[in-house]
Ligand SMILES: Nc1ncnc2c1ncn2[C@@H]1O[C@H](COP(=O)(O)OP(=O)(O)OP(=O)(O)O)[C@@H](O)[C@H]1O
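Encoded as structure tokens, the following chain is the form predicted on its own, with no partner shown.
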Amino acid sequence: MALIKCENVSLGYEGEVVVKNVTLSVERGDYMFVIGENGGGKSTLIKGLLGLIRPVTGKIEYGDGISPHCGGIGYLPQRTDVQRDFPASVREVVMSGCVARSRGLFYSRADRERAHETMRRLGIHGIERRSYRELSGGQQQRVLLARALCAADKLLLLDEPVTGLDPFATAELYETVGELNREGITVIMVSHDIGALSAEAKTVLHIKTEPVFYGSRDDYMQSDVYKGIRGSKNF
């Protein structure tokens, strides 16, 4: 069974539909890019997959132990000023991702070991005592990615993770996420970075209120939809 399956899903707020008629299947090991202009429904779709909003119509099904309420999904939201100035150490931020797994009031030994291994895996174990707010944008995103991995190691939802990063930090983050995917972690990434498609994406969902393309990366790059946006100022 697919990790996530959407059948004719429409999502919105207070009765107003923002994205509609989404049908897709996210398989284990997939790397899906969700593409679209601002206001097209990308972040709304992510909120629906996370269970933060309920479908207006259609249904979302989960498999292989994935559930928005019982774990299995790690989430890296869009960067905000509040996040950038969060007054905590790197270790504290990463450890907070274990909250969903911890059954008591305190972190377990397994939680601490998981956080340490995740920081080592992402190359930030040497800065675990530093203040998160003092880090560069690229380092902060690695910390938040580590936090998401502590929450779940099957599926990552990444919402515009490279926004505001310089080209070097952007390339580093894409390489890190690509490595995680090659290790077996399924990735759904909202992105405006069309150039990254050639290197990373396996499947593409392009939405503009509703899907205008859903399929493989190669088919997308040959499609009229892709050819029509290559020169667009909105991407």
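Just so you know, these numbers come straight off a predicted model, no measurement behind them. Just count from 1 along the sequence shown to find any residue number.
There is also a form predicted together with the ligand; it is not shown, and the following applies to it.
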Segment assignment from 196 to 204, 42 to 50, 24 to 32, 169 to 177: heavy atom within 4.5 Å of the ligand in the model of the complex: 42 to 50
Contact of residue 18 with the ligand in the model of the complex (heavy atom, 4.5 Å): yes
4.5 angstroms heavy atom contact with the ligand in the model of the complex for residue 67: no
Close approach of residue 210 to the ligand in the model of the complex, 4.5 Å, heavy atom: no
Touches the ligand in the model of the complex: residue 128 (any heavy atom, 4.5 Å): no
One residue of 78, 89, 108, 96 in contact with the ligand, assessed in the model of the complex (non-hydrogen atom, 4.5 angstroms): 78
Partner contacts in the model of the complex for 145 to 183 (non-hydrogen atom within 4.5 angstroms of the ligand): 160
